[in-house]
Ligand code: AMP
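Encoded as structure tokens, the following chain is the form predicted alone, with no partner shown.
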Amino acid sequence: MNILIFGPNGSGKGTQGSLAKDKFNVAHIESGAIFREHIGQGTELGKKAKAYIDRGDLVPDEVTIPMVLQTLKEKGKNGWLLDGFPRNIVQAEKLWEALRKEGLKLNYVIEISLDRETAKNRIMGRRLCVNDPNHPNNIYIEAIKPDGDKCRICGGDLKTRADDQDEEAINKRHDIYYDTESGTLAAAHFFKDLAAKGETRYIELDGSGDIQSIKETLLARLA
């Protein structure tokens, strides 16, 4: 089973992606990890990517797409969930072309939709428990709202991650994601159009609901 997942930061993409990964026992392949592994292992593609990165340039799709494909074939022999790629419409088109050329089927595309303001609030509202960072606390989500300035689960002190409070950085990431002309949503909608032609299956989830209801919807639609 091969799956692509889309969703803005703050949409719960990681949680729902893990659900799909566990259901089909497939490899979770995150785009950032692909770069780190290729560069760390000193592969030919990794060396090419590193040369661009060291110059402060974006790694071109001619290098990125083959890296992604190689990782999908090596780590995803029993299926994969690709997260964080493609990020724009051009990459979506090139990835689809490459998958077809390699004979790799794309079974599902999952899009978790969430309005931009809510997504930003969820990111900035995250609070980390000093005792256990896996204790969910968020000042903007009623179901996991902390007890004042204490963890709702264990009563421990809470802290914030610096990048969660960097509104400018969040806005830049969201500018790319919510761009329906050439950005990440345009990429997602490219696959939605393919699904309308029967080339894949497209699952849209309302990210504004509670985690459990979203899980139930996703499990019901992953046949």
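These numbers were taken from a predicted model, which means no experiment stands behind them. The first residue of the sequence shown is number 1, and the count goes up from there.
Omitted from view is the form predicted together with adenosine monophosphate (AMP), to which the following refers.
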{"property": "Candidate stretches 137 to 145, 79 to 87, 107 to 115, 121 to 129 - the one whose heavy atoms come within 4.5 Å of adenosine monophosphate (AMP) in the predicted bound form", "result": "79 to 87"}
{"property": "Contact residue in the predicted bound form, from 69, 186, 59, 195 (heavy atom within 4.5 Å of adenosine monophosphate (AMP))", "result": "59"}
{"property": "Close approach of residue 36 to adenosine monophosphate (AMP) in the predicted bound form, 4.5 Å, heavy atom", "result": "yes"}
{"property": "Contact test in the predicted bound form: residue 173 vs adenosine monophosphate (AMP), heavy atoms, 4.5 Å", "result": "yes"}
{"property": "Residue 31, heavy atom within 4.5 angstroms of adenosine monophosphate (AMP) in the predicted bound form", "result": "yes"}
{"property": "Partner contact for residue 190 in the predicted bound form: adenosine monophosphate (AMP), 4.5 angstroms, heavy atom", "result": "no"}
